[in-house]
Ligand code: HEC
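Starting off, we have a lone chain in the form predicted alone, written out as structure tokens.
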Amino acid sequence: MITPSPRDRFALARYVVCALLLATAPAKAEDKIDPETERKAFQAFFFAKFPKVAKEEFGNGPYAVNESMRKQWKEMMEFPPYEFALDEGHAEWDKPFANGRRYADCFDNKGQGVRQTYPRFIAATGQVETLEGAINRCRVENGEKPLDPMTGLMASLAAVMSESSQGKPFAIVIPDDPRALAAYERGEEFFYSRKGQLGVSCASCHMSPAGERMRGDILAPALGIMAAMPIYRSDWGSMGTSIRRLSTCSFMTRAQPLKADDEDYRDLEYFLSYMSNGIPIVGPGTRP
């Protein structure tokens, strides 16, 4: 018996998902499905799976698909556990660098209401840049040391930028550049490819099983899964960025976590955020 390679398994998974979601005849091998077609099919899958969940609610993850958790969440949000991070983030955001410039000088619209456009493909580097990457680039270009991209002050700054974009739908762009499309496709491959000792993929938990219980957790739908970032998690006892969440998922599936800001993580976030175009930003958020 021949064991298929990881790329063969990804190709098969992609074919099956597209065939099921689009309900069409199997595509020819040479046919290429474009990202926008895939996005519409991806979202249609979740709208059909959760017909009672409004589109704008998907960013709330398990709280959107489980009523008992939603009630607990509403009580928790009377005193959001991430408020301390917002206070820290606003203080840092308003503080000038040693050269007199500020974070606001590095971003479109002074950094207000732009979080929904990240991650972005940067033509100059040929790579995807996350929100955290843009914050660190701003710091380095202004003579400051980069921050830990997973937690701490970085999460607080990301929380401030997410707060200013609440209600604005994801608007991720894949420019007419083959390198951008390649980044999207690498992110898609990562999402569907099985990894680690448990042999599971991101899709194994966040597509068909979404809404079901795994141990004490309700599995969040992949649709909108980046909209609440950064998040405060009870099991962390602190704030974390999307990079921290992806790294934690790798650890939990007994896969080797990648380096913070690894290209594979950035491409995965690019894919997931593009799939969520039209879903409003709800971050900063909280999870069990």
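Don't overthink the numbering: it's just position in the shown sequence, from 1. No experiment lies behind these values; they were computed from the predicted model shown.
The discussion below concerns the form predicted together with heme C, not included here.
Practice task
From the candidate stretches 137-145, 173-181, 212-220, 123-131, select the single one in contact with heme C in the predicted complex, where contact means a heavy atom within 4.5 Å.
Solution key: Selected range: 212-220.
Exercise for the section: Give a yes/no on whether Met252 approaches heme C to within 4.5 Å in the predicted complex, heavy atoms considered. Expected result: Taking the distances in the predicted complex, the answer for Met252 is yes, it comes within 4.5 Å of heme C.
Practice task
Considering only heavy atoms, tell me if Met275 and heme C come within 4.5 Å of each other in the predicted complex.
Solution key: Result no; Met275 lies far from heme C in the predicted complex.
Practice task
Using the partner position in the predicted complex, report whether Arg39 sits within 4.5 Å of heme C, counting heavy atoms only.
Solution key: Output for Arg39 is no: heavy atoms all beyond 4.5 Å of heme C.
Problem - Met207: touches heme C in the predicted complex, heavy atom cutoff 4.5 angstroms - result: Outside the cut-off, so no.
Exercise for the section: Answer yes or no: in the predicted complex, does heme C come within 4.5 Å of a heavy atom in every one of His90, Thr117 and Ala159? Expected result: Checked in the predicted complex: no contact with heme C for any of the three.
Problem - Partner contacts for 70-88, taking heme C in the predicted complex and a 4.5 Å heavy atom cut-off - result: If the 4.5 Å heavy-atom criterion is applied to heme C in the predicted complex, 70-88 yields nothing.
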